[in-house]
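Below you'll find only one chain, the form predicted on its own, shown as structure tokens.
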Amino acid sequence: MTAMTKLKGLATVAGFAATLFVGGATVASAEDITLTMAVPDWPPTRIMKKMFDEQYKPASGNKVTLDVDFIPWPDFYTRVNASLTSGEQKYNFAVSDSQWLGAFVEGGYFRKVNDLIDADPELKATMEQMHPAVVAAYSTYPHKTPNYYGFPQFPDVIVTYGRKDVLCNDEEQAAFKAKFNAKLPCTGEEIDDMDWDMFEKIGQFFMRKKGDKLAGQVLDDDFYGIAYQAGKGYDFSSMQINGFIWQYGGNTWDETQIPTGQAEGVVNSEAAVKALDHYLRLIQYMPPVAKTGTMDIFKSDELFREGKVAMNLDWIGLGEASLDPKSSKVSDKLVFGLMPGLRGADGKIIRWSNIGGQPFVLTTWTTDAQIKEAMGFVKWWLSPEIQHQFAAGGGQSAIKSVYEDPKYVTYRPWNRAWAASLDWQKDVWHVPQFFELLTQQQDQFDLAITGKQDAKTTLDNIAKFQQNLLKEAGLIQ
């Protein structure tokens, strides 16, 4: 036995050399197969693990164990990167952010899966039923080419979380009407029609101090109108800012235009500067932590659940905690709708947003026996029955036949915004240089968020860095 086969995560075979003779026939004994998976620690992966343990029965008859390494989101990339690049070959499976694909494909760590899809007509049909934005983001490298490396584990989008006890209060409704001559959005349908101007008005309106009244009650703490991602860590501010830039008609560096697509003149375009200025302007109506560069997705979620914010924009993946009275003071007071957008000249709302969520990927050292069991699990996970169960338990599905089923919207209150959001999702940077691009951009956005730098300087610095880095890498001529 080689040292490699002793590593954790590779198949261990109980009595693999033994055979049984029954009525003259030779029957191979079942194997014990372990699949070790790296995942971010949050509800969508916890739900997946629970469903596997309670329900999954391999068609092969083997005993398959899914050994999951739950890693906190802020440390997720660094720990997975350290494992893959160290050569320890610990993981067979990973839940990968889409931006990791280029780095880990080019590094020889992620396995191409076209052959596995082509060999299985059912799986191929399932992939063809996926929303194209999800397939492009989670599966393809180079981006939007027919080279597949992943399968959707949990697709995600940003939606609006609202406090209907505050938004629908008669006194607050009347006061908002008197101040802005507009209806304060209260229902899911009204929130769906909310643009950034209305979102800003809500931010202004609900700035209250301790001792002020809110919906007829005296506040025992300061209260704020709005919250969204403004954190320096990982990709938090970028994921919100990218949407503003696209909505304004600007763009990020577009890897599908290699090698002619530029960063300078694009990343720092006039439209992009206007978009970043707009993003920054709204921070004044958020809890003060937003101005420190630490308003990540978890902090804005926490403040909303603590009852300190009227509206929060956040990922569906964090939604379960808001519904749980053990973790949310507002669990019985919630309404959900589409994320705001920029209203165009025709009156329609432009809703471009950076897609969230993650794919499954297989590592290149996974054995044939493990690949067979991994693909069995993937097919099971993507089957309509299990996708419905996942959605009913707090997850989401990118399979059209599942999310277009009328019962889908009944599973969770935010599901009403799911299908309408998918057509507006884009993604960025699947190239190997993504982490350098992201880290510098996050640092620059933090300077703007914390008031140390204006929008134009920020984007000029980002564009110059990206232009130089990508030219050195041969991705820009």
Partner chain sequence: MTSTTVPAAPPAFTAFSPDNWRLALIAGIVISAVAIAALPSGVAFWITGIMMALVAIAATMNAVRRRYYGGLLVAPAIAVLFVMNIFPLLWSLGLSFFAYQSNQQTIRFVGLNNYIKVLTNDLAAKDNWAALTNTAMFVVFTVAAQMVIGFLLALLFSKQFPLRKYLLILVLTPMMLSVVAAGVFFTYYYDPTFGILSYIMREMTGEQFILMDNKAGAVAGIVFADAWMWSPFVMLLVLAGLVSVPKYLYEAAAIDRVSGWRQFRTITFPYIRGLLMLALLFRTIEAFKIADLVILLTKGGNDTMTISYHLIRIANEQNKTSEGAAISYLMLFMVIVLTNLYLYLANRRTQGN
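Positions refer to the first chain, counted from 1. Computed from a predicted structure; not experimentally measured.
Although not depicted, the form predicted together with the partner chain is the subject of the following passage.
- Although the partner is absent from this view, Lys291 contacts the partner chain in the predicted bound form, with a non-hydrogen atom inside 4.5 angstroms.
- Contact check for Lys326: every heavy atom lies farther than 4.5 Å from the partner chain in the predicted bound form.
- Not displayed here, the partner chain is approached by Lys452 to within 4.5 Å at the level of heavy atoms in the predicted bound form.
- Using a 4.5 angstroms limit between non-hydrogen atoms, Val134 is distant from the partner chain in the predicted bound form.
- Picking from 165 to 173, 231 to 239, 193 to 201, 311 to 319 the stretch near the partner chain in the predicted bound form, with a 4.5 Å limit on heavy atoms, gives 231 to 239.
- Against the partner chain in the predicted bound form, the set Pro121, Phe151 and Tyr279 makes no contact: no member has a heavy atom within 4.5 Å.
- Asp221 is the sole member of Asp221, Asp115, Asp332, Glu189 with a non-hydrogen atom lying within 4.5 angstroms of the partner chain in the predicted bound form.
- Proximity to the partner chain in the predicted bound form, taken as a non-hydrogen atom within 4.5 angstroms, holds for one residue of Asp69, Asp427, Glu31, Asp446, which is Asp446.
- The partner is not shown here, but in the predicted bound form the stretch 41 to 80 reaches within 4.5 angstroms of the partner chain through a heavy atom at Tyr77, Thr78.
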